[in-house]
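A single chain comes next, written as structure tokens; it is the form predicted alone.
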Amino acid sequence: MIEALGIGHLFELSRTEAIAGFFTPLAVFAVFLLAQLILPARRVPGYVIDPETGRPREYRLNGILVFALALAVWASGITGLPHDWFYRSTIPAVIGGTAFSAVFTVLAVCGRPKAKTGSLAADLWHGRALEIALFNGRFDVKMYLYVVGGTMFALNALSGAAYHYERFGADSNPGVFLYAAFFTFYVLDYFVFERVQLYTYDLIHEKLGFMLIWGGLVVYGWLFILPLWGMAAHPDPGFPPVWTNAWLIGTGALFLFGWSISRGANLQKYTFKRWPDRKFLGLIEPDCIEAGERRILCSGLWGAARHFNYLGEGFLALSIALVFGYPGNPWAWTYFVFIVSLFLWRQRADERYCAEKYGPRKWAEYRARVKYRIFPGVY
């Protein structure tokens, strides 16, 4: 069965290696905790209001330093771990990371006031606390999840590329290396604009339950490289040089197109939340609908579709499906299927939440002005 799925190479660890792989996430979590506490950081206010002070919560942001240090340590090999270790140990690492995430969830949920549902299972899944800060506010759990998850996402992609090169050498698939470059850039971009994360749905509304903890640490950190589970075991597809260039340049352009939409939409909303009267990029006037003390942005990219940023993620995911040069292999499409499914579900949840937040009448007014959900003219 495993061989038929094309992932037999991920089950070739010795018993000792499998045990080490199981505990690798725990070691990673501990090292990142220390790095975030020790490395210098800038303190900035976020969007969330601290109920104790009535002012915006402050966060220590040093994700880009943690990310740069982690890449340097991995590239140098100073730890003694092979460059392909994270990839080869993926299966036991996912199992171990899931187990440790469950423990962290119990610690985050138990002892805190019960949610209105009264269901322990629901509380464990969704969480009870919106924020958990430790060490006198020096350490924020939500931001830690994204620093660990994002950095491990890039390291796992690079580790998969290292495995691929060790296996195929001169017959390596350039698409695998481009894939690793895509997501290293993607994560770097996240850390360059780390402050924007403070104005996103997860930071503002999601509670700290298993869904967010496991999602941030394991799904983001290890499972987002699912296409590589199958595709790292395939050599160069053997296209003629002219088609190889067209394929690599085309997927690169598609990736950048999707990233530009996603990053641009998120930056426009971030700009609007911080400086409501400022033109985005000095060009786009902020047009909005007044909903009491709140405003609904409906100009620029947010006038094209109500969840336009999700369209960018969809194009980006499509570039990932095509970058390997094996469009008929289901493994190449796993990330695309996950992302499209996630955001189709999430935009519906967003619609319900926004109707409550802004009021049904004002949200209906926005829907009348911006008719499409994600893809202008289509959906």
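All residue numbers refer to positions in the sequence shown, first residue = 1. Predicted, not measured: the structure shown is a model, and the values here were computed from it.
Form predicted in complex with a small molecule: not shown, discussed below.
Practice prompt. Name the single residue among 307, 234, 207, 88 that comes within 4.5 Å of the small molecule in the predicted complex, judging by heavy atoms.
Written response: Selected option: 307.
Worksheet item: Using a 4.5 Å cut on heavy atoms, which of 186, 100, 74, 191 is close to the small molecule in the predicted complex?
Response: Only one listed residue qualifies here, and that residue is 186.
Discussion item. Based on heavy atom distances of 4.5 Å or less, which listed stretch (277 to 285, 239 to 247, 130 to 138, 299 to 307) is in contact with the small molecule in the predicted complex?
Written reply: Answer to the contact question: 299 to 307.
Worksheet item: Any of the heavy atoms of residue 58 lying within 4.5 Å of the small molecule in the predicted complex?
Response: No.
Item to complete: Answer yes if any heavy atom of residue 47 is within 4.5 Å of a heavy atom of the small molecule in the predicted complex; otherwise answer no.
Response: Heavy-atom contact with the small molecule at 4.5 Å: present for residue 47.
Item to complete: Please run the contact check for residue 224 against the small molecule in the predicted complex: heavy atoms, 4.5 angstroms, yes or no?
Response: Although the small molecule is absent here, residue 224 would touch it in the predicted complex, with heavy atoms inside 4.5 Å.
Discussion item. Would you classify residue 22 as touching the small molecule in the predicted complex, given a 4.5 Å non-hydrogen atom cut-off?
Written reply: Looking in the predicted complex, residue contacts with the small molecule do not include residue 22, since no heavy atom lies within 4.5 Å.
Worksheet item: Would the small molecule be touched by all three of 202, 295 and 343 in the predicted complex, meaning a heavy atom each within 4.5 Å?
Response: Verified in the predicted complex; spot residues all in contact, yes.
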